[in-house]
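Just one chain follows, in the form predicted alone, and it is written as structure tokens.
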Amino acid sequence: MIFPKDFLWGAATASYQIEGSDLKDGRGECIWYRFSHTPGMVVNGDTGDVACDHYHRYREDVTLMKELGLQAYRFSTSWPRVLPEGTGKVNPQGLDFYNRLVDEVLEAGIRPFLTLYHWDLPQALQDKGGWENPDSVKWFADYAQTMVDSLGDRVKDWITLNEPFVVAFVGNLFGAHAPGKRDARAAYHVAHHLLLAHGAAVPVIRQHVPDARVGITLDLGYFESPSTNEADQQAARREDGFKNRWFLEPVFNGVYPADMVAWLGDTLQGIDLDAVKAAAVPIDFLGINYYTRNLFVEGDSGLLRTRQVMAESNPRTAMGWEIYPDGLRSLLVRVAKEYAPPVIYVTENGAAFDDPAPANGVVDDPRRVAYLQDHFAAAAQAIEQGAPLQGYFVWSLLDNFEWAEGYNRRFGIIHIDYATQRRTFKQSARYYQQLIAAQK
């Protein structure tokens, strides 16, 4: 595998998944606090109240990053930790934590990539309609200004949103994530306002951080049909429109995909579709999160009338996701050709497996090592085929609170013993350490 000399090797985390600290030190309630404390919404009734206790152990975690040789660290800030009510009065203890974290990361020689929104919307704003409320665009722009005013002198790489598809549809259409709604019209309003919020935040960041590099992270899937039947091919195309093009087209072209607008019809009632041109502000990079391939055929129910089928021949992760590295190569090449982002980063890629307990100071996880090796190779192939890929962030640095799966799934390359908070490198972390050193 050959990567450019300036290629960035990093790892990623998210605030609610690792920080913990309940509602202490002035932190406000977020929608994931409310959701996880609602019985039946998260496996085993788990919450993010403690998680990895990163709020108190961040120095230890940065030391581990430095030992791994990470060149970049992608993390998110918690909106309600900084603005407990979502707007208005700033919590100085919240801002102080992120200032200390950024200083620690920089002192370790690691480049910080800050994600402004990784799903923990202040509950106070959800009580006002959340992302369904058109005012959410200004709420987010004001929050962005608060963060750049505090950190923009040191943080130069900014990501506005993480996975707006999941925020809009997993949270508001499928009801599997916070806030737990099942309303198609509400979900598309949420998606619309997220896109407008991205468009509003980018110039705010640039105005206050003139040398900023700004992007957005989209979770993109590789969609195809195992059938040559025209109806099945169209089903896969609709799913691509639902997850990929509904966000790629606005961000790069300022429009919604026409075929999907026609298909959705009255579901989009009340949305000013032309307003999405505001989402097409120039960005410096596109973050892509990739995990699996999805196969679809024509179905007979549901919003898109599709049915997912399984590829039986390929192995799967503990999440039940097919392991398909070539989907990453294909996706990177396709996005490069069709949308021409100046730079691409893989901002998340990794796998959950049922890891054994630590033994002799290490966790043996050969399947994760193989997963990473194969996906790094796919990324190298994509670069050879013209994709402007300039960095890779493994998901995740730490085992953590895996949203609706609670602590039932482990994605980390560092094992967390939640009872003791002891950190242990997995075999995959040592492999990654060696790879980074070799690439240097």
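The shown structure was predicted, so the numbers you read here are calculated from the model rather than taken from an experiment. Just count from 1 along the sequence shown to find any residue number.
From this point on, the text means the form predicted in complex with beta-D-fucopyranose, which you will not see here.
Contact with beta-D-fucopyranose in the predicted bound form, defined as any heavy atom within 4.5 Å, is confined among 92-100, 284-292, 323-331, 195-203 to 284-292.
The partner is absent here, but in the predicted bound form a heavy atom of 163, alone among 232, 240, 163, 132, sits within 4.5 Å of beta-D-fucopyranose.
Proximity to beta-D-fucopyranose in the predicted bound form, taken as a non-hydrogen atom within 4.5 angstroms, holds for one residue of 395, 58, 35, 392, which is 395. Residue contact with beta-D-fucopyranose in the predicted bound form: residue 120 places no heavy atom within 4.5 Å of it. Of the heavy atoms in residue 365, none are within 4.5 Å of beta-D-fucopyranose in the predicted bound form. Although the partner is absent here, residue 348 lies within 4.5 Å of beta-D-fucopyranose in the predicted bound form, judged by heavy atoms.
Under a 4.5 angstroms non-hydrogen atom cutoff, beta-D-fucopyranose in the predicted bound form lacks residue 376 among its neighbouring residues. For the stretch 1-32, the set of residues having any non-hydrogen atom within 4.5 angstroms of beta-D-fucopyranose in the predicted bound form comprises only 17.
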